[in-house]
Each structure stands twice: as C-alpha cells, then as structure tokens.
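This document starts with one chain, in the form predicted alone, laid out as structure tokens.
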C-alpha cells in the first residue's frame, strides 16, 4: 500500500471513473465485459456501447438475468463488470448473486451506485441502506465502500489482476473530492490511517471519510487530535488495526453511510467484544429505517451524518 493525499482539490464522479477505467481495461484485456440493466446513460457507459459493442451487453430492466449471465461469462473465462442502482444490484438479484456468482465461485465486479443517502430524491424504492449487511453475509463476496474515485479505480484494476466477487458501493454522478493522488495503491482487507492522532479514533468509509476529516479539523480547535481511518474494505476487514486502535485509544467512533445493522459499526463492535481492551464506542449510521426523499444535505442532517454530528458525538462521549 502506497498512498499520498491529494492536495490540489481535484474532483470527479464515480461514473466518470467507472467509464474511463473500463475503457482502459477493455483496451488492455479482451476478457472485459460491461453489463448494464438499461442504465447506460445513468452510469455513462453509453459511449462504451458505441465504441466497444462486442464488450457490452444491455439486459434491459432485468437485473436477475444480468447477474445470472455474468456467472456464465465468468465460467467462459470472461471478466464481467455489472452495474445498477444499489437496490437493484443487490436486493432484486440477491438469489442470483448467491447461486450464480458466490456459490458457483464465479467472478464479478458489481457496482451498486447511489447507495444509502446518495440516492437523494430517488426515494424508498431506489434506496439501499442494507446492502452492506446483506452482501457481507454471502460467502466469497468482498465488500467495499471507497471514499473517492481514485480508490474506486484501484478496485476496478485490482479485480482484473485478482478476480473474485467484488461488491463496490458508492455515489454516481456527484463530483467527489479526491482524497488520494492518481498513483496511490491500497490493500484489500487493510484500513488506511489517514492521520495518526491520540485518544480518539474515527473509523469511517465512503462519503463519511470526508465528514470525518472535516470533523477532525473542528475537534482540533477543542484540543482533540483524532486518528482518522479510511475503512474502505468492509469484507475482508482489518481486524488487526481494530485491535491496535482499541489498545491505544480511549474512544472509538464509527461513521458510515449504511444501515446501523450489519455494517462497519457491527464489525467493529464484534471486534471490540473479542478484545481485552474497553475503549468507549459510538456509532453514527442510518437507523433501521426505509429510505427517504431529499437532498444530500437534508439526508445527512436527517440521519446525523454530518461532520458536526461526529464532533458532537465525540464531545458528548468525552464529557461522560
């Protein structure tokens, strides 16, 4: 793992990273297949369908068939990349993911876009808060919540080098600030310690890494210098780092854009239960609730996923 923080304030969207990296991979590897369920314009892969028709298949609004077909492609030696909105990529095609991909030991890179609060105004039918919990429970499935487009690109390239069953969730059309430089590399199953502080450790994934970094700036004005960890790899995950943080910090705060049940908070709590150390533990996540309609800022406020909410959680825990 060799990463560097991006200091030039670059931004881009996950879907631009997706299409640009797919173009790169198609040009390098004849095995690459791009699978869509009538969302080519949403994911911006429509240009790929024109430029590389032999590498692209549109299954229409038929996600289960798309996933079943990906299993067959894998058996034939191909490397499928499939995309849909997170609820359709996971809930709608769950049995096919289990049987045609996981149980059959097939390869698939599954991009579930607009997960959690990223769904914004799409509403309850198009919102997946539970996708992390559901996919983490499937054997062979590796689950990732990358914090920026650079990490997302790295995962796509890693899938080509080390094929398997990858579920990668994230945003879609929103521009995201780059945390890492283009040449950064990571390691599956390892967290990224973005800043080493003391006493308080904030573990976050996805969009919440950005909120955690903003919270750290506020906390320093209170004399608190928290450790910040990008926990992008949710399965496999960094058990050793968890145990080290428990041994060296007084307060562990987890922040995630997913259900409070079965995600990053649950795996950290399990590690804490196994530990001989007993730091205090706080968890910010989406409650056991269905998705709602609203802007990104409205949903962050609704579910207390803002940097200010992290600051308040840390300060209230330290005052107890």
Partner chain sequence: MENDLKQWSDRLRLETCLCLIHAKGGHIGGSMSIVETLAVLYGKQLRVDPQRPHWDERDWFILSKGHSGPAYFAALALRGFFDLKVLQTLNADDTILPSHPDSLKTPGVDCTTGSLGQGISQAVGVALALKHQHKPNRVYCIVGDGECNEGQVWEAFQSMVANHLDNLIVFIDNNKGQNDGATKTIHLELNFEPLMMGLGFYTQVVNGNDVVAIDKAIDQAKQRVNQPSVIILNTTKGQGLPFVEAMASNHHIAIDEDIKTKILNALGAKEPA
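Numbering follows the first chain given and starts at 1. Because the structure is predicted, anything quoted here is derived from the model rather than measured.
Not on display, but discussed next: the form predicted together with the partner chain.
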(message) So in the predicted bound form, is the partner chain close enough to residue 40 to count as touching (4.5 Å, heavy atoms)?
(response) no
(request) Flag residue 182 as yes or no: does it have a non-hydrogen atom within 4.5 angstroms of any non-hydrogen atom of the partner chain in the predicted bound form? (result) no
(message) Residue-level contact is defined here as any heavy atom of the residue lying within 4.5 Å of the partner chain in the predicted bound form; does residue 259 satisfy this criterion?
(response) no
(message) With the partner left out here, check for me: in the predicted bound form, does some heavy atom of residue 248 sit within 4.5 Å of the partner chain?
(response) no
(message) Among the candidate stretches 278-286, 261-269, 64-72, 43-51, which one is within 4.5 Å of the partner chain in the predicted bound form when only heavy atoms are counted?
(response) 64-72
(request) Just give me the single entry in 142, 158, 120, 96 that has a non-hydrogen atom within 4.5 angstroms of the partner chain in the predicted bound form. (result) 96
(request) Can you tell me which bits of 4-39 touch the partner chain in the predicted bound form, meaning any heavy atom within 4.5 Å? (result) 30, 33
